[in-house]
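Below sits a lone chain in structure tokens, taken as the form predicted alone.
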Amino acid sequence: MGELKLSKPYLLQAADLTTEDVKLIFDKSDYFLEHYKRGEKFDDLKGVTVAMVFFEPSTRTKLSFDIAAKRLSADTISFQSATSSLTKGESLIDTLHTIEAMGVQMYVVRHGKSGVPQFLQANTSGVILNAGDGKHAHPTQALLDSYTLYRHFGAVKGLKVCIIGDIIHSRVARSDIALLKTLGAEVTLCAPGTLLPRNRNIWDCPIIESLDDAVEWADVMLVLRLQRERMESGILPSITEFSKYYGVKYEHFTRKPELVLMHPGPVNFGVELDYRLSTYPNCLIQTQVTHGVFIRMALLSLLGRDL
């Protein structure tokens, strides 16, 4: 019997992942995490070239994918759109085919426009991994978030997770909602009305109006970054007011010490989070970053098996 495979030979959105897919990814992540601690080397992607194709700035995602690929013995190349022929009018498809002609088999793609990874996958025989597209999806962030909860609690099913902050503009929120619900978690949202979808039933998640009520209800607070452009666009009365009513404070956690805190980063301390929470025992922000490498190792390994 051959090794188990993911249900799709690429990763475009969290909603495509089945519970069996997630179990396979988590099991593989566990394997890499435990064996890496022992100093073992991995050659899963030896002879495979992985292109980091980032049209948007990134620190955590790009670095962790790069580290993950190198730990699997892949060759990696880094594509920067600002210094490419795209600035001279070259099309996205021509750019893809140019990279493909150099022998690249896997592409980690981040783009500011929703749907670009899907478009590229339809036009290549290689493997596309979506590292974030527009406001649409960020599936590897959702996987590492759920994996962090799985490692902390032992299971995701039945957990009460409240997502707080800029919901409407967040690809992280969309992906986390989809994956957490697939895994059986209860998900609620807490945000100002201007940062929620106009159709509040679109994701079938209850809204909790008060942050205090959210703290009372939740096992996990998953706080989103308030993007700078939202701060200055007039969509909020003021940053001070947002922080007063929706900023997560140290006092919230002193009332409920078992509460777990997560954030995809980077954090605007003093806006969405009190800085004192960065050293709180149940603050898992840096754990998320660590787990991100092993989740991405698992995905690259599983999707690169047939290359």
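What you are looking at is a predicted structure, and each value in this text was computed from that prediction instead of being measured. A residue's number is simply how far along the shown sequence it sits, counting from 1.
We do not show the form predicted together with another copy of the chain, though everything after this point is about it.
A residue is said to contact a partner when one of its heavy atoms sits within 4.5 Å of a partner heavy atom; residue 204 fails this definition for another copy of the chain in the model of the complex, lying far away.
Among heavy atoms of residue 174, none comes within 4.5 Å of another copy of the chain in the model of the complex. Residue contact with another copy of the chain in the model of the complex: residue 275 places a heavy atom within 4.5 Å of it. A residue is said to contact a partner when one of its heavy atoms sits within 4.5 Å of a partner heavy atom; residue 47 meets this definition for another copy of the chain in the model of the complex. Using a 4.5 Å cut-off to another copy of the chain in the model of the complex, not one of 151, 212 and 216 places a heavy atom inside that distance.
Annotated contact segment (heavy atom within 4.5 Å of another copy of the chain in the model of the complex): 96 to 104, selected among 143 to 151, 96 to 104, 196 to 204, 176 to 184.
Though another copy of the chain is absent from this view, in the model of the complex it lies within 4.5 Å of a heavy atom of just one residue from 24, 289, 283, 15, which is 289.
Proximity to another copy of the chain in the model of the complex, taken as a non-hydrogen atom within 4.5 angstroms, holds for one residue of 259, 33, 239, 67, which is 67.
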